[in-house]
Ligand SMILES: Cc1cc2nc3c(=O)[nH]c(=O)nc-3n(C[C@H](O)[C@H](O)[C@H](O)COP(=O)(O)OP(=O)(O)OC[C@H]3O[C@@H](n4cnc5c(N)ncnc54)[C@H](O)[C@@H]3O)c2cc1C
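Okay, here we've got a single chain as structure tokens, the form predicted on its own, with questions on binding and movement later.
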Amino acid sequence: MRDYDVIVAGAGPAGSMAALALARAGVQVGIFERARFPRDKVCGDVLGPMARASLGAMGLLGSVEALAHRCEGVQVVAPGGRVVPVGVAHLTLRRSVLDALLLEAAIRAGAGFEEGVEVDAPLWSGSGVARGVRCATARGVRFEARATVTILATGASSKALRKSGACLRTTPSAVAQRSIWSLPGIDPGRVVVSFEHEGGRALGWIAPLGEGAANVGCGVFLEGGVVGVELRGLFERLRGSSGAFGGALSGGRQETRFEGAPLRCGLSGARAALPGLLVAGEALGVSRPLTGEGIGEAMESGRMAAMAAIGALNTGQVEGLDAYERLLERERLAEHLGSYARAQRWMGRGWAAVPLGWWAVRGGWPLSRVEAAVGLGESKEGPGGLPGDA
């Protein structure tokens, strides 16, 4: 039997950032991770303004910048093919590198780490409070680990989330696929984001990784949990287009096979907190509608979960972790993601797509200003992102 103050299930950006914040506060925290590190994840590998702000708040931005590739801007391809340049810098870094860096920081701060361990379900007390987790190793050895607070950061598709009682929807919000390409002729300083197909319900991306390599992928947002677009066909339509996306792939070579993954978006589909239990990252649904980005939001949710856990440990009030939901509201994460959902609803209107696409990759500049500019809403200050997301 292992005993901790806090158990974190999952060593992605949300889990590792939560564990890092907890360990730095002197909390005895253990991380359980199903995979063995380093491991890659299906992702766009793009770190926007919110991700950089979160890394900066934890003193990790310099370490990430030393390994990452820097893109000085983004080309947004709107429905109809119009290209809009957005002069906002983004970093790109393979998740195998980023996640290992975050995990190593948490371990150096004092967090325990066990890999090759799958969290099967929370461990409940007779009064209905989570008191740890039930686990199994890759060799099938089952064990229990106890904790005062448990944080589930297990990703979009997780057995533990489904069994936790926090899962409100098992179907994903979106599905995506990506592969790594060799693109010697690509502009290394520009990420390409295309909304030119499926009326804004789908997107394609090309994220330069440096030295002629790029993360290339596409995704589609689902209606009612039903996939209406076949991803391979969507990619071939994007590749065959005469615009910026197709042009950037011209002469390129696919180096790895396409891999797919589900996304949970807009803070929908899961409860943030139950007695003794918090849900963070992709399990909570922190990816953005419209763009599918979510690394920065995942890290921020992990930091907020850590803050709520520390407060609960200090007060002994672990039965109610409402402080986490209040933090999500105070830091405007729900409002921030809700603004992307509104933008997605408007994206199908071709005349609105250009400014909305600009807003999306700009990092969440108040949507109400964009709506007012194109006649979609009143001219008033609207939702922004978390601190630094501008």
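All residue numbers refer to positions in the sequence shown, first residue = 1. Quick caveat: nothing in here was measured; it's all calculated off a predicted structure.
Keep in mind the form predicted together with the ligand is missing from the figure; the text below concerns it.
Asks: Have a look at 151-159, 305-313, 249-257, 67-75 and name the one stretch with heavy atoms inside 4.5 Å of the ligand in the predicted bound form.
Replies: Every other range fails; the passing one is 151-159.
Asks: What is the one choice in 193, 111, 279, 119 with a heavy atom within 4.5 Å of the ligand in the predicted bound form?
Replies: Looking at the other structure, the residue within range turns out to be 119.
Asks: Looking at the partner-bound form in the predicted bound form, is residue 35 within 4.5 Å of the ligand by any heavy atom?
Replies: Taking the distances in the predicted bound form, the answer for residue 35 is yes, it comes within 4.5 Å of the ligand.
Asks: Indicate whether the ligand has at least one heavy atom within 4.5 Å of a heavy atom of residue 30 in the predicted bound form.
Replies: The answer is no: residue 30 has no heavy atom within 4.5 Å of the ligand.
Asks: Given that the partner is absent here, does residue 41 sit within 4.5 Å of the ligand in the predicted bound form, heavy atoms only?
Replies: The answer is yes: residue 41 has a heavy atom within 4.5 Å of the ligand.
Asks: Can you check whether residue 177 is within 4.5 Å of the ligand in the predicted bound form, heavy atom basis?
Replies: It does: once the ligand is placed as it appears in the predicted bound form, residue 177 has a heavy atom within 4.5 Å of it.
Asks: Let me know which residues along 245-267 have a heavy atom within 4.5 Å of the ligand in the predicted bound form, or say none if there are none.
Replies: Contacting residues: 261, 262, 263.
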